[in-house]
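One chain is shown next in structure tokens, namely the form predicted on its own.
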């Protein structure tokens, strides 16, 4: 049985994360899958990165970008620049790659789960939420045409342990940012500096339409916690999300407004689906047949 060939230029022309630079040491070679195709990446002794796919007996070199602690590539014609993430370069922040997770679900479903505050008390009990604090308060969502991204602002949620360094519960302010069809950044109140925010990232690599590798990381103001504790915190959270994600049906993300009943807590998901539909994405989603898109409530 031959693998399905991706013909969707919307996703082919994106930059995709394939490895953290921490994982790709000198001389190490990693083989992975991207959009149904086997690709290989390597860092040589001079610190130079290479990514290629094999065609017959020849190697076809693919474009490369090193950004935000990750190696990115594309199977199509990617834009010159990747989205901005200036917090990554602030000198007092800890940038920790917290692991890559294989999940049997589509990229869109993975991003949508990352945006969902409603599941915190039930899936991440005692850490990101707890009963009776289950209400998702009213928040704002906008699609920014200038930067071509989605912003969810004025988000608030009570969390028993909002960060690795936290010792007590707090009402946490959130901003969700989706600057790429398969990437999202969560900004949340820093327990160390009340004027600034920590950032948590998820960069999703679509292996196929219904399988992903989710690259996770933290960009935080924390000079006390050990790297291993930061990784354990995020790995515990994603470990709780993984079975929830894999039990979703259908595995592809429906874009039609009639496919799944939205509620007020899903405002960011509604905007995300509409944004993908406007781009004409067909890979890993169930496109809207009549282009009857969701309205953000």
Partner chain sequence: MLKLYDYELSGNCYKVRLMMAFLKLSYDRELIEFYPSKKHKSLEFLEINPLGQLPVLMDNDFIIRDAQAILIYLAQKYDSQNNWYPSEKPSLVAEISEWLFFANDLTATSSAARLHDGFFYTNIHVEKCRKKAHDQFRIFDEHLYFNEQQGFPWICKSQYPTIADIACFPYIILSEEGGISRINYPAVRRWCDRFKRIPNFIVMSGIFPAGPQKVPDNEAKQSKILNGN
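Numbering follows the first chain given and starts at 1. Just so we're clear, the structure is a prediction, and the values are computed from it rather than from any experiment.
One more form of this protein, predicted together with its partner chain, exists but is not displayed; see below.
Although the partner is absent from the chain shown here, none of 79, 84 and 147 has a heavy atom within 4.5 Å of its partner chain in the predicted bound form. Comment: 102 to 110 is the region of 181 to 189, 218 to 226, 102 to 110, 67 to 75 lying near its partner chain in the predicted bound form, near meaning a non-hydrogen atom within 4.5 Å. In terms of contact with its partner chain in the predicted bound form, the residue from 29, 44, 54, 236 that brings a heavy atom within 4.5 Å is 236. Not displayed here, its partner chain is approached by residue 240 to within 4.5 Å at the level of heavy atoms in the predicted bound form. Its partner chain is not drawn, but in the predicted bound form it has a heavy atom within 4.5 Å of residue 246. Using a 4.5 angstroms limit between non-hydrogen atoms, residue 213 touches its partner chain in the predicted bound form.
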